[in-house]
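The chain that follows stands alone, in the form predicted on its own, written as structure tokens.
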Amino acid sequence: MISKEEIGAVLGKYDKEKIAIGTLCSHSSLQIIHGAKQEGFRTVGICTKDRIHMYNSFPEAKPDEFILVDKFSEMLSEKNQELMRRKNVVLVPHGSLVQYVGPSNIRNNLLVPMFGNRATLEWEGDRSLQRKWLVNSGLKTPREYKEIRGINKRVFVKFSGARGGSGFFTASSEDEFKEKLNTRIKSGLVSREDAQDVTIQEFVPGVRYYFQYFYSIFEDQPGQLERGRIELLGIDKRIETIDEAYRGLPDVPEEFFDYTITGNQPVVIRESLLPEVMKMGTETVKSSTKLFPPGMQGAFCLETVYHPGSGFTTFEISARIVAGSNLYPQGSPYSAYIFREPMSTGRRISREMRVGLERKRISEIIY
């Protein structure tokens, strides 16, 4: 794994007056670039040729310059990495970077400074490590099944990686599990390799809430942590094909039973539930500092289900900016209670880097 010291050596050669915010042109790049421009940073987008026209359509979120690739994984070439380093690029990770470049490549082959602690991507991408993190945070999690013979009620079946729900399914028996898994393998929706790393969780009823947090080491909030501040920047709910299943009643076509995420909806929650929401975010950061020092930094998201009888169940964590934050390019109903100006998650990341540069502490939030 590339060490923080190696990244520090690269960062040490950068011209701190010319730091550029860079990101893969996908996922949440529009708001990352938009937010970086608001904070006065030069911006660089790693982009495939077929997407350039889209960014031309959004001039306030268009990178100042592009590094063109035929496919996103080409950003790993020595030529492109050297180009990013020459341009003083600090990368902002998101789900497409994890999916198309891969957690292993990010950890071991991407010698370009990145915002946050890249070790968190390992804890996000490995579902056993992710569960350990959530449990150590004191969060309620779904029961997991280690073998399919133990399936005796409805379960939710997931595959590793930032795949946006693609291929996920539910089953209520061993036979149904095998049938649906084989169908997905035959169709090419999931690979046999994916099937070897399957996660089987109990299906938890309730309302889904996805909490978008930000952990800043440069701001303090009394009563939260020994240092730093947890901020709630927004809440969303994912739009999945299955959400439209009612349109197929009374005989719902099989095509509706698809959990691929295609969009997001803004959500606010009852104010009486906010103390628990803030505690969950705080405990997640606390445990991370012990599991993988210095722990979680910057944006992260707890993905939950709430039931009035059993409270919040956290089924997943995304240890970086999530696509649901795209709902709030000018800030959310919650960021308005923290900041006196519009504050998206993308801008909040650049604000943290701006403060780090001003205080000469930028190396503490770059790995």
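Since the structure is predicted, the reported quantities are computational estimates derived from the model, not experimental observations. Numbers follow the displayed sequence, beginning with 1.
Keep in mind the form predicted together with a small molecule is missing from the figure; the text below concerns it.
inquiry  = Among the candidate stretches 309 to 317, 30 to 38, 46 to 54, 325 to 333, which one is within 4.5 Å of the small molecule in the model of the complex when only heavy atoms are counted?
reply    = Checking each option against the 4.5 Å cut-off leaves 309 to 317.
Residue 156 within 4.5 Å of the small molecule in the model of the complex, heavy atoms = Yes, residue 156 lies within 4.5 Å of the small molecule in the model of the complex.
ask   = So in the model of the complex, does any heavy atom of residue 210 sit within 4.5 Å of the small molecule?
value = Close contact exists here: in the model of the complex, residue 210 approaches the small molecule to within 4.5 Å, heavy atoms only.
request  = Considering only heavy atoms, tell me if residue 99 and the small molecule come within 4.5 Å of each other in the model of the complex.
outcome  = Looking in the model of the complex, residue contacts with the small molecule do not include residue 99, since no heavy atom lies within 4.5 Å.
inquiry  = residue 168 versus the small molecule, in the model of the complex: is there a non-hydrogen atom within 4.5 Å?
reply    = Result yes; residue 168 sits at the interface with the small molecule in the model of the complex.
ask   = From the list 204, 217, 269, 280, which entry has a heavy atom within 4.5 Å of the small molecule in the model of the complex?
value = Partner contact (heavy atom, 4.5 Å) among the options: 204.
One residue of 229, 184, 87, 238 in contact with the small molecule, assessed in the model of the complex (non-hydrogen atom, 4.5 angstroms) = Looking at the other structure, the residue within range turns out to be 238.
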